[in-house]
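Here's a solo chain for you in structure tokens, the form predicted on its own.
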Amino acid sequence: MSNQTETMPKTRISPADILKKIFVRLGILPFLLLIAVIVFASLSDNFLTGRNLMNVLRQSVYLTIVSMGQMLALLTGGFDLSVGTILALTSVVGATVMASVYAAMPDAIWLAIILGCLAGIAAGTFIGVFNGVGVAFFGVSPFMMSLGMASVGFGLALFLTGGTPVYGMPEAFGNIFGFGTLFGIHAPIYAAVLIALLLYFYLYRTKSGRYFYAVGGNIKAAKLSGISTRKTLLMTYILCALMAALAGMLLTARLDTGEANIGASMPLQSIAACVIAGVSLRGGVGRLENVILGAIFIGLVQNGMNLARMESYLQTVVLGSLLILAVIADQVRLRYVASLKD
């Protein structure tokens, strides 16, 4: 036996094979991250400073929260194009209720903040209920359902405000939830970490969390296994909308106004963050921690382009190109995985 082992020819592993294995295991994100750091660090001396990296983290918070919700939709084989509208509607309704209560009872600051947040989050989550019912019970494609609700929500936000920003919220709301810090870390970062921990526990430590992967992997098999696929799909879009609504209230606190035109780029950016992080557009594949890194990567690229003084129109071109590149990389990766199985 030992002689046979000694006489067996040694297989040489080339650097290309090592890169291929890394690509199959980790996806395209590590390669893009390395390229982005090298390019932007060469363009700006401020890019890799601690202050700028903390700024990237703070700016990425809202996209990170929305992307975590978008990941749930992608896991079940769909996606949610209404997340941008949910941010806008949440912001408008939350700010309007908060400003109205504060104007009627100037001493009841916390009552105004709580009622405003509840109203805004409820309005945003309501969009998710419609999305979930349409997809789960009426068989409407996620593309058409979420696109239609995006139009409905945007129209409602403009109708409520007439296109003008909503002012008059208590200063404490912005000071605490928008600009507040604890140990030098901004309050929205704590909120994102808490949401990520709760979602991680739900996805990987509960039975219903595994259902998202089962439904996206093979919905017929999931149904035959006794999983309530309709309930899972309904929960998917409600949770996706809930997280977008939470991001909407945090962004409202940061802006200190209710805006009907915020979040327009969120659908593209959140899908790009998920796909770059290895979440499959076919459903059933994706890790939460990778999605968080994917959202931070998008924030890093935007920050680098700002430091390089790239125009906003060109930034949109770059983000769209990254999404296409990520989709192509996903296809190539699937072929590599299939070839390794053969």
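Residue numbers run from 1 along the displayed sequence. So that the term is clear: the rigid core is the largest set of C-alpha atoms that superpose within 1.5 Å between two forms. Computed from a predicted model, the values in this text were never measured in an experiment.
Heads up, the form predicted together with another copy of the chain isn't pictured, but that's what we're talking about next.
Within this chain, L268 lines the site of another copy of the chain in the predicted bound form, having a heavy atom no more than 4.5 Å away.
Not displayed here, another copy of the chain is kept clear of F183 by more than 4.5 Å at the level of heavy atoms in the predicted bound form. Although the partner is absent from this view, S141 contacts another copy of the chain in the predicted bound form, with a non-hydrogen atom inside 4.5 angstroms. Although the partner is absent here, F159 sits close enough that one of its heavy atoms falls within 4.5 Å of another copy of the chain in the predicted bound form. Here the chain stands alone, but in the predicted bound form its contact with another copy of the chain, taken as any heavy atom within 4.5 Å, falls in 149-157 among 238-246, 118-126, 149-157, 188-196.
By the 4.5 Å heavy atom rule, the three marked residues V275, L281 and I324 all count as contacting another copy of the chain in the predicted bound form. Once the rigid core is used as the reference frame, the Cα position of E289 differs between the shown form and the other one by less than 2 Å. Core-superposed comparison between the shown form and the other one: the CA of Q315 exceeds or equals a 2 Å shift.
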